[in-house]
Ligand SMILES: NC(=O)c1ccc[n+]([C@@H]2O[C@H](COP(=O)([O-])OP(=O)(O)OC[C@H]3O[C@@H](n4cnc5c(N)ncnc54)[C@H](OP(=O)(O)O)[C@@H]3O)[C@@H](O)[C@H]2O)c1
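What follows is a single chain, given as structure tokens, in the form predicted on its own.
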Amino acid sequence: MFSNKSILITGGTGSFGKRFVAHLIKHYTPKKLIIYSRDELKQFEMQQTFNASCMRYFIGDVRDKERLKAAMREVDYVVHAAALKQVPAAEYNPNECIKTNINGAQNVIDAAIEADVSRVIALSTDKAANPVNLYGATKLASDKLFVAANNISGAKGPRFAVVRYGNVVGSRGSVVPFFHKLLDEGVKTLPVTHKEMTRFWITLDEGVEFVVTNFQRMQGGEIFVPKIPSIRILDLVESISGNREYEEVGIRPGEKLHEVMVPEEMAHHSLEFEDHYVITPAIKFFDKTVDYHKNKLGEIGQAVAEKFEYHSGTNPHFLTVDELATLDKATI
């Protein structure tokens, strides 16, 4: 699907972008792989590893619509990964978070429509479901913008979809490298916000493969949610430190005890497939009727139960301490 095609990744110097690029270079022969980000140092560092002839590096911010338009000329597919993601930072700098996560999302949409891009997938977060913090609220707004963009683009314009998943193991900002750093510094008890906390858990490779597959599945307007395991924070502490010694420091501003990826309120819009869920659009597109029960790969989905909720605390699949330890060693 991606061979001889041009692909642009906003925020492409991040953890996801690097792994996504590595996957495409390994499995496809892209015409162009465009890294669009605002940090020249990170681009320089990335060029030392990813310097294939198909690579292009564009310095630019998603807040800059004109620069996005220039970068998207003759592009076939876009992955929108750029965002301000730190929950406490967003609480203290709300305007900056809104400028990037909401205004930037609209700029990506406008540029993609003007450039007549084929397909766009925006990366979301479990914090966008029933948000209690500004970061989650901006990502919910972004999700709504990308879903509604299918209406704006019309019958023959770009198709837009969203991928929503939980914490990415070992990514920048993840608690795992933070815990390792503390242990390396000689700390004996790890800080946890609350001993009952649970989170959804996904590896970078799983996230990349899910996005790649959804480019093939998408019809436009879907929010794709993978079926992934949950973790208990004290199990994570034990898997990394070898014991369950911890110091409870309290929940940070805007933080939840558990996360949700499919809220109960959206159950009547949600479908279950073998390895994922799809939240279908709450709005109807004027140009055509889409049957989301069967995707472009021919996979068949069924409506979820009336009060279904995909919740990290009630998820039937939790990783064990041993599984977490094995996963940790594989991602170090």
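Here the structure is a predicted model, which is why all the values come from computation and not from measurement. Residue numbers here begin at 1 and follow the sequence given.
Although not depicted, the form predicted in complex with the ligand is the subject of the following passage.
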Query raised in the report: With the partner left out here, if you bring back the ligand in the predicted complex, are Gly12, Ser37 and Gly166 all within 4.5 Å of it by some heavy atom?
Result: yes
Query raised in the report: Closest heavy atom of Asn150 to the ligand in the predicted complex, within 4.5 Å or not?
Result: no
Report task. Please check if Tyr135 has a heavy atom lying within 4.5 Å of any heavy atom of the ligand in the predicted complex. Result -> yes
Query raised in the report: Taking heavy atoms only, is Asp61 within 4.5 angstroms of the ligand in the predicted complex?
Result: yes
Query raised in the report: With the partner left out of view, is Lys85 within 4.5 angstroms of the ligand in the predicted complex by any non-hydrogen atom?
Result: yes
Query raised in the report: Based on heavy atom distances of at most 4.5 Å to the ligand in the predicted complex, which listed stretch, 301-309, 23-31, 271-279, 61-69, is the contact stretch?
Result: 61-69
Query raised in the report: For the stretch 110-137, which residues lie within 4.5 Å of the ligand in the predicted complex by non-hydrogen atom distance?
Result: Leu123, Ser124, Thr125, Tyr135
